[in-house]
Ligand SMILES: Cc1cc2nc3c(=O)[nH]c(=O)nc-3n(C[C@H](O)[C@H](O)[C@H](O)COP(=O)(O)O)c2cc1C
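Here you get one chain, nothing else, as structure tokens; it is the form predicted on its own.
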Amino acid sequence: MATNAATVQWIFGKYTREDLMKMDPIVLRGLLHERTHHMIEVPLYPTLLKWRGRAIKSFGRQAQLCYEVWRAREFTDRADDIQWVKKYLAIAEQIRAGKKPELDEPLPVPFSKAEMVVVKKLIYGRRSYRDYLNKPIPDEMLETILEAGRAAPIGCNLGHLKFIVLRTPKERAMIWSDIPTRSCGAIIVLCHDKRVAAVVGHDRVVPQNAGFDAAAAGDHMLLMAHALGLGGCWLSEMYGEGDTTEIFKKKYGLPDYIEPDLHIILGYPSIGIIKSSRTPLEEMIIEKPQK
């Protein structure tokens, strides 16, 4: 069902159908995700809990317009993220017609004791390795690790994260770090597309979100690497002599709008290490001051 919405607009921007027809596909996809999130996903569940039986004529129209343009430009509707959009658009159409959607989504269920053993082994057994064998990581293992990063939570589901996999010693030499990077299995550089944040206003309101998103993806990747019997280490910055982030971007040929956020090193550890321990939990919790 087509919408009669003429523009996508909010406090941070206004785009006509013509603007959307000219928008870069990556940016349009991010806007489609964000409008689906903010105009359907966020208000949907409070609306269902307080359902009053009335049609909400504007519900989800901006997301619908973005999707119509997406399809008019003959982009795919089979990808997982677009299927997610279509599911919400179908729900929004019911609400605009005054029909209460019936959802059958599961609520959280506690893990069994056996499952918790695995979860604890994953979370509490992971450690940071910094010395590796000069041994390549099979492509299927790297893909599994990247898929774990793709599954990480992302603010507004923007889809702005990009992954660069450096496999060879020559490629890895482009990264300056305070630990050896030549003799490992791979380095994954986590980046974001700054254009997507700009089109939805995140660069002005929540500029920190891109780093948070990359951090969540990096953590997922490191946990998956641990589950696969690999070692990994979180490297948060390309620092050293000069601006090494810009040096890497130039050497790799990245456009200005792709911004590296952090990188993780992966491989087969050459030696076991003592796992670090954390500050006692009671010292990490801030109690509300007594009046």
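For every residue, the number given is its place in the sequence shown, counted from 1. Not measured: the values here are computed from a predicted model.
Unshown form predicted together with the named molecule; subsequent notes refer to it.
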Inset, instruction - Decide yes or no: are V27, R195 and I258 jointly within 4.5 Å of the named molecule in the predicted bound form, with each residue judged by its heavy atoms? - result: no
Inset, instruction - Have a look at 68 to 76, 97 to 105, 152 to 160, 178 to 186 and name the one stretch with heavy atoms inside 4.5 Å of the named molecule in the predicted bound form. - result: 178 to 186
Inset, instruction - Go through H220, K86, R167, R126 and name the one with a heavy atom inside 4.5 Å of the named molecule in the predicted bound form. - result: R126
Legend entry - Candidate from L235, L31, M39, M224 lying within 4.5 Å of the named molecule in the predicted bound form - any heavy atom: L235
Inset, instruction - Mark T279 yes when one of its heavy atoms lies within 4.5 Å of a heavy atom of the named molecule in the predicted bound form, and no otherwise. - result: no
Inset, instruction - Spell out, yes or no, whether the shortest heavy atom distance between K275 and the named molecule in the predicted bound form is within 4.5 Å. - result: yes
